[in-house]
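Two forms, one protein chain; structure tokens for each follow separately as structure 1 and structure 2.
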Structure 1
């Protein structure tokens, strides 16, 4: 909070740590979902070869890129909506 009691409250160290932990959990969850979905889509379940075939590798690359792009777009939209809601309900300064 600012000297005059206006402005946003600053997060504590514990809140910052919790936010980082939540971010890491979200990234780990996204990675697990992406791995599962793209593996099911791109890798033959019979495992005929020890290495990935070229088609499987290309499919995995494209699938993971699309998954990440979709995740990024959704995250950006949610963040902008969250900021818009915070801005609409906030205020409390000089002339605001």
Structure 2
């Protein structure tokens, strides 16, 4: 066991693939969550129109920017909290 990911030993093929896969999975999950939330916040759910209204489109742009900012902010906050609690301990971490 090591604090630095795979430590001194070479990661196996399965581990390398799993690491890349996990990162992509995390990004996909974040994308799905953002889509769900920003749709709820910005889209008129009566569907009287099939086209995105100008106001809805602008709202989606701003919502996605705010979502990324919040995501980063919460990640930083958890990281500094966990560092305050755990002292030095590295390794895991909360960042995307």
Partner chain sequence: MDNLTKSEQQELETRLQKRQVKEFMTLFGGLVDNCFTACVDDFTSKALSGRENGCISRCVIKSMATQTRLSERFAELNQSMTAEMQNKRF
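Residue numbers count along the first chain shown, from 1. These figures come from a predicted structure and were not determined experimentally. For clarity, a rigid core is taken as the largest C-alpha set superposing within 1.5 Å between two forms.
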**Report entry** Which of the two shown is the form predicted on its own
**Finding:** 1
Query - residue 24 C-alpha relocation of at least 2 Å between structures 1 and 2, rigid core basis - result: no
Query - Large Cα shift (2 Å or above) at residue 70 between structures 1 and 2, core-fitted - result: yes
Query raised in the report: What is the Cα shift of residue 80 between structures 1 and 2 once the core is superposed, in angstrom?
Result: 8.4
**Report entry** Shift in Å of the residue 14 Cα between structures 1 and 2 [rigid core superposition]
**Finding:** 2.6
